[in-house]
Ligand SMILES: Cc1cc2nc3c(=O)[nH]c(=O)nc-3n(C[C@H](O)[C@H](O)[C@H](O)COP(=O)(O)OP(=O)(O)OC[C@H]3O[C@@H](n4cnc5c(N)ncnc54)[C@H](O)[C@@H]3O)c2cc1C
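Just the one chain here, the form predicted on its own, laid out as structure tokens.
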């Protein structure tokens, strides 16, 4: 009898132990689920706070831009003038009134009104900012002295670049419009980027690279820089330092014609031109945003090559030099908008009617070829100087523009007719 009771008691104890274990496991599971839910909620809250902080910071920047920006031209002083080599000079500008400067978007440009000796009226030109916007006390631009064309060595050198190099000195005053332009790095999107500069086209993409590194961003950035050889390789030490100190930066310098003294692996990485074929060999994939600026041949080849490689149009961002390169790049980009239809262009104030030809790169060129005077500056749709009222007809833009142009007007330097046209010029 005692043995039977003992066995029964043991069984009851065992059942209670198992029940207690089961209840403990249930309780533990609830605690774990609670902790997991709590962690998820905390993570969600942290994400919400980060997003809210980003929105607040964005609003603060917009307010700051609005408060510090200006209309028209503002007086700036040439604070420093620093030669970079290869007929390239950096100009550090600070406002004459010493007020803080509005932040700009890396890749944007400044518009200048230059009083050049010997010119009947001010000359308007645009130059890209070459440093990051994280310096509220100065703007920097880096300008190459433009020599006479190779096929016409007796022609005068670049008017505005020669003025900057030879006439402007430290402490001189110049007139500057606020930063503008639609070619800029989207700093709110941290998708990997490929930054491409050819020659002096380095300047806007250098601004982008400096912004990434100075802001502490971990955004993956490949930087392709194409020049002929070390004689044209500017910002060499600075670029090497960025590559050395930031493991998210991949510097790829291309010499198309290296000299015997050039050291592969030190001075440059590739003895060839910047090309999509090189991208295919070096990049892990084509899943990047591509930002590029350079001379026409490079731009034409790269834009077309990226499209052939399957890079979506919305991930190809470019800034081009002058009217011919703009038109050629745009034609490579979307097939062009110029037409062979024999439209008639009437310049009302000049009293001239001319036949449009598809050989013209723009309405401005058509006007110049027929002795119709239209003021211009950048010849790339950025400064707005060539804006002209359209009295009758329709025009088509040859590219995206940086300058504002209200309905009923056109930027003649980057426009072509879509019908017979009457202009107030």
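Numbering follows the first chain given and starts at 1. Being a predicted model, the structure only gives us computed values, none of them experimental.
One more form of this protein should be noted, the form predicted together with this ligand, which is absent from this view; the next part is about it.
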Counting non-hydrogen atoms within 4.5 angstroms of this ligand in the model of the complex, say which of 71, 152, 169, 285 makes the cut. 152
Among the candidates 303, 185, 254, 143, the residue which, in the model of the complex, approaches this ligand to within 4.5 Å (heavy atoms): 143
Which one of these stretches, 170 to 178, 277 to 285, 152 to 160, 304 to 312, sits within 4.5 Å of this ligand in the model of the complex when only heavy atoms are counted? 152 to 160
Residues 126, 147 and 378 all lining this ligand in the model of the complex, heavy atom within 4.5 Å: yes
I'd like to know whether residue 203 contacts this ligand in the model of the complex, with contact meaning heavy atoms within 4.5 angstroms. yes
Just to confirm, residue 109 within 4.5 Å of this ligand in the model of the complex by heavy atoms? yes
